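In what follows, one protein chain appears twice in different forms, each by itself as structure tokens: structure 1 and structure 2.
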Structure 1
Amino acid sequence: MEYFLRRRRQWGNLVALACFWMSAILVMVLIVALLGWLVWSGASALSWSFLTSVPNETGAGGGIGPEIFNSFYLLFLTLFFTVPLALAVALYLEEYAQPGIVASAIQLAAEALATVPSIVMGLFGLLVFVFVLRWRFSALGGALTLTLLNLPTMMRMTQQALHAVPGSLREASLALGATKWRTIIHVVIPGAIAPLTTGIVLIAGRIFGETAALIYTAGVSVSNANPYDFGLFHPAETLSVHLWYTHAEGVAVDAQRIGSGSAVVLVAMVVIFNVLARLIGNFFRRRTSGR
């Protein structure tokens, strides 16, 4: 009897372990199949003229040049606002604020802001920048909406980076007679530079792929005057918005080719940002550990 019970338990164990292996294999096959399919279908769509020419709304043969430009332009603008703002709030919370009502209100606001779905943030951007400020669809409105969307995440990463700087470094600097602000500028921020840079690159990947918040803020068209327009108040359709728009609303006859090409460019950028973040992390780790 006891023998059979032990056999049953061992069989149960084997079956369960096999199930775990199978679910892992299923997910691996899924990932490889999806990414492989994406690259295989996208590679045939890619060409130099596709990457550089202007889109064609109605006929065939349109490219994604201005969309790639706008994606990087909005990415740059968004980082320009997000990084200093996140650093400032994180510095205030980590280095200055006393625990209390004010600090927890700021923390709570950040957590609440982090949960806002991106389409809801897009509607807020529409209200503020299009309805109230009357900018119409603009690169600046889109970038500011993305700033609000990504500020909480960037802030949390900055807080963690600052938190990891050892207190003894601050004390040493203060003991040498440096003021608190000088200590922050010359000791704390340089000490946190490695995780900070990794965080910025990771958030850059998120900004690059964001779509829902941009449809009603940066718009679904490129600037009429000049497709490669640095103007802050011109519409700026990004690559991810373009991928959606060609399928949801557009009438381009070669939508399939545009979609495949745009998707593979987007995924390639995400991979590049991820690898870059890892490389930067390793580079700083090697430098600071002295090996």
Structure 2
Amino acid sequence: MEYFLRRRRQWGNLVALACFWMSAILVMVLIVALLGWLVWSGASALSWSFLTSVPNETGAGGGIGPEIFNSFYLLFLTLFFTVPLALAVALYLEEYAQPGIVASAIQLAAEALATVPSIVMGLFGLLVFVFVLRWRFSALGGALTLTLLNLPTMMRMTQQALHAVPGSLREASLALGATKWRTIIHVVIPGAIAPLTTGIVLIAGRIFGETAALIYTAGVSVSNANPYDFGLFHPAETLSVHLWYTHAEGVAVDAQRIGSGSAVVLVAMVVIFNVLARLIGNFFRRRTSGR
């Protein structure tokens, strides 16, 4: 009887392992197939001129140079607002706040904000930044909308990173005479820098791919006199928005070529940032752990 039970457990383990391997292989095949199809359909459109020239709304031969510029511009502008604010809130909740109504209210507000769809956040940005504040379509309005959209995720990841720092390090710093603030600056934050860096880069990948929130806030046109503009109040059409606009509303004669090439570049940007998240996170983890 014991022999049959042992064999039954062995077969059960083999079946479960086979299911896990099949699931992993299926996911990998789907990812490779999707990436292969994107590269096959859009690689012919890629050229230096396509990556650097301005788009052509009606004729053929337009590029995506301003859209790539605006994607990076909005990325750094959003991170400039999101990272310090998320770090400040997470530090307060982890290092200063006592369990009670205030901390629970902040957590509840962050969880509620995280459930808001991006299209709804875009409509909120349209109402506040475009109509009430009269900024019109602007890079600042788009960046602040993306900040509201990504702040809960960044705050939660920052809290987890700070919580993972061993309490013994805090106690040792305080025992040596350091103040709580110096302990946070010189012990807690450096100890959490690896997961923090990974979180920032992952958030950057999400910002690159966001479309719905930016349609109503940053705009869908780069027809201003200087498309490579660092001003905060100019329209800033990103690559993901340009991809949507080309297929949904655009009238360019080579819209299919532009859309396919834009999709390849956008996926490449997101993949690169996800790979950087692993590399940078591992680098700081080795630096802070001594391994």
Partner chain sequence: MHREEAFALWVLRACALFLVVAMASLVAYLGYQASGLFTIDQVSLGEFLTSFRFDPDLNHVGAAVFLLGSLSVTGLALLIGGPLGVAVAIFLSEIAPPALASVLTLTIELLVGIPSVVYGWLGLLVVVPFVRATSLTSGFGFLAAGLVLGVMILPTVVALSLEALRAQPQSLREGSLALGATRWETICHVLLPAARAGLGVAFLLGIARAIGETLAVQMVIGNASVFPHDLFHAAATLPTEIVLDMAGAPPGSLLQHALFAMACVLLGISLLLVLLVRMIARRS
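Whichever C-alpha set is largest while still superposing within 1.5 Å between the two forms counts as the rigid core. Computed from a predicted model, the values in this text were never measured in an experiment. All residue numbers here refer to structure 1's sequence, counted from 1.
- Between the two copies of this chain, it is structure 1 that is the form predicted in complex with the partner chain.
- When two forms of a protein are overlaid on their rigid core, residues whose CA moves 2 Å or more are considered shifted, and A43 is not one of them between structure 1 and structure 2.
- Look at A24: with the core superposed, its C-alpha moves 6.2 Å between structure 1 and structure 2.
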